[in-house]
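This document opens with one chain alone, in structure tokens, the form predicted alone.
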């Protein structure tokens, strides 16, 4: 009778999860948050997760972390802040992750960092660009991609130097999209360049009214910034081309989101994608590092294509968290935050990652300030980013100036 009662109790313990299983004691869980379903930027989320998975496989092949197998617990945020909050709560309280990495939408990241701050758990943002993500000043929040002020101030400088006179920006109504508008307005207006801006909801799929208004403006718009993510970014480019607006011999177009970097871009845009500009925060092999070479080889072997900037960010995110875990020799939140701030100095796929501790300007806090930024231009249909012309920075440029379409 006693034996039966003991077995019954043990069964309840296992079913209800009242005690950790042996397997759980030998696992190091790291959370990854990403948009993997609509209305989020699915291709961006997939690329981020693909890079993160390669990092975990590499770590486990080398013996794991602190003697434990690395397990990624992946949460789909669908590009929605409320879902990001729920996913973070689950990762921290139910899955018991030691840290979190990822995210590609700024509005979602802003919701997620509130959870990270409340629980004192570190989060490394992989691909969300709104200044406010790090400007909040939360010690738990780090970012190894660019922010709006960092990347678009450089893009604005290039636009001025290239001689464009009237820039239009259509930004999505999100923390990131509105930030895109503001940074371009601030930097270009200060340089004496006319700026016209407008915003639209992320759900918009027909940009004809905005594009026709801009096409008929005087003085003519000679540069259009597409400040949308996901399907909206590509649809705007396709519709601008179909209207004979951009890219054309009179008007250039910059896809400010990351969706111009994925194979799905060409499937939707087709010939409209030729001569489009993009600004990736990384290209495979530039700058050349041992980590970049190794990761590119692994990525190609697994997925039969070259990695994009977001896949590199996903890989770097997991590896940076691993460096902090090894340096602190624990998984305690404060120790990991301190290690990320003071001990991480790791050569990643895009250069040596070290987080800034200065709080002026506010967005610079816990940023990797040396993220490589490029302006590229597609010259043929179905080009991958590494085959596109590099216009900026000058030390990596493969062409001298913007390539104007013949018509």
Partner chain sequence: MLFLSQLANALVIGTLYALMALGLSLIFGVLKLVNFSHGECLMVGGYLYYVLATTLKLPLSISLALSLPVLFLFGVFLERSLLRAPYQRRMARYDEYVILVTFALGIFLQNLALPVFGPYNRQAAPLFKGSVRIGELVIAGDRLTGALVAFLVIGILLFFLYRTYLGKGLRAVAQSPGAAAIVGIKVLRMRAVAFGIGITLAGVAGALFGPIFLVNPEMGTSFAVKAFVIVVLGGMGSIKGSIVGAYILAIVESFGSILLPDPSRALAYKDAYGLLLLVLVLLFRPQGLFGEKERRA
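Numbering follows the first chain given and starts at 1. Everything numeric in this text was worked out from a predicted model, so none of it was measured.
Quick note: we don't show the form predicted together with its partner chain, though the next part is all about it.
Peer 1: Considering its partner chain in the predicted bound form, which of 274, 327, 243, 162 comes within 4.5 Å of it through any heavy atom?
Peer 2: Checked against the cut-off, the match is 243.
Peer 1: Identify, from the list 204, 195, 135, 72, the residue with a heavy atom within 4.5 Å of its partner chain in the predicted bound form.
Peer 2: Exactly one listed residue reaches within 4.5 Å, namely 204.
Peer 1: Answer with yes or no whether residue 146 is in contact with its partner chain in the predicted bound form, where contact means some heavy atom within 4.5 Å.
Peer 2: Heavy-atom contact with its partner chain at 4.5 Å: absent for residue 146.
Peer 1: In the predicted bound form, does residue 199 come within 4.5 Å of its partner chain, counting heavy atoms only?
Peer 2: Residue 199 belongs to the contact set for its partner chain.
Peer 1: Under a 4.5 Å heavy atom criterion, is residue 190 part of the interface with its partner chain in the predicted bound form?
Peer 2: Flag for residue 190 set to no.
Peer 1: Can you tell me whether residue 209 touches its partner chain? I mean in the predicted bound form, with a 4.5 angstroms heavy atom cut-off.
Peer 2: So residue 209 counts as contacting its partner chain.
Peer 1: With its partner chain left out here, work out from 277-285, 243-251, 146-154, 318-326 which stretch has heavy atoms within 4.5 Å of it in the predicted bound form.
Peer 2: The contacting stretch is 243-251.
Peer 1: Would you mind checking 151-180 for residues with a heavy atom within 4.5 Å of its partner chain in the predicted bound form?
Peer 2: 170, 173 sit within 4.5 Å of the partner.
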